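Below, in structure tokens: the form predicted alone, a single chain.
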């Protein structure tokens, strides 16, 4: 079982990843549960149908009453209606400031649960028990949010969990789309931090069908990258912005496709290709790397179809609403070489040129995947 500690000013918590991590409820987290008056699990409906009995069995030795709130799977749970419904549920169950909420699902469920915990009675504790590869990114760092029709993650708060426990055996039931989604974020962590690691991932023939043992070690490396950055910049005033590599355009793709139409990670893969093209012009990336990433994406089942289905203006409309936009210009994370990210303001015209390039260079690559 792998473990690392996230150290943030006035707050510290552990991330565990491996087999049988839920056994830690009775040991490492026993004191937490003893100090808790009420416990709720917020679980997405797909995870509830497959894995909820596993979590309930792990919690049974605590001899505590636990209430269950089931929410829609995926991005469908990150709506204002579901958010309010969860708050009402906790109030009806007589939850207090000494209560605990457990997020049991993918990244979307964790985002929702974290925001519920952040705002219920001005903040209660929550525990992350992610069930997807993608959540190795979202479950760590304390970003919580719900979506609005106008854009992704537009309403949220910073609220750190009290712990993160990954049981890697749950990954075995993930469909190919969810595996691709999570692995894209892993590649992102490598590209912004370590050229050698990024090269290894791009050469990995089973990248989209990873072995569980190999994956656990790789995810821990990805979590370590994020934990270090979050420790430096919890509230995204400087270096934490680097974690948004591929996300400005990726979020626009995700929104254009309808949240859930294309997974977050699949959208970010498109966004990374876009950012690499921008980095050729405004950073220090060779077009051979961009072409390698595009070909790699096509080989492993990622799609570029959305950039042919929608005009640049559609994506621009969402990018202009992006949280990182300011004074009419887009803020993009670019690369001065792999492992050397920085933030640069770009105009609409510069963004359009990169979009046209992306269309040209992905022609025939991943057009029907997904």
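Positions refer to the first chain, counted from 1. A quick note: this is a predicted structure, and the numbers were derived from the prediction, not measured.
FYI, the form predicted in complex with ligand NAD isn't displayed, but the following is about it.
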Check your understanding: Quick one: of 297, 278, 134, 192, which gets a non-hydrogen atom within 4.5 angstroms of ligand NAD in the predicted complex?
Key -> 134
Exercise for review: May I ask whether 46, 75 and 153 each come within 4.5 Å of ligand NAD in the predicted complex, counting any non-hydrogen atom?
Suggested key: yes
Exercise for review: Using the partner position in the predicted complex, report whether residue 38 sits within 4.5 Å of ligand NAD, counting heavy atoms only.
Suggested key: no
Practice item. Answer with yes or no whether residue 173 is in contact with ligand NAD in the predicted complex, where contact means some heavy atom within 4.5 Å. Key: yes
Review point. According to a 4.5 angstroms non-hydrogen atom cut-off, is residue 50 in contact with ligand NAD in the predicted complex?
Key: yes
Review point. So, in the predicted complex, is residue 138 in contact with ligand NAD at a 4.5 angstroms heavy atom limit?
Key: yes
Check your understanding: Any idea which of 210 to 218, 81 to 89, 108 to 116, 194 to 202 reaches within 4.5 Å of ligand NAD in the predicted complex, heavy atoms considered?
Key -> 108 to 116
Review point. Of 4 to 31, which residues get within 4.5 Å of ligand NAD in the predicted complex if you count heavy atoms?
Key: none
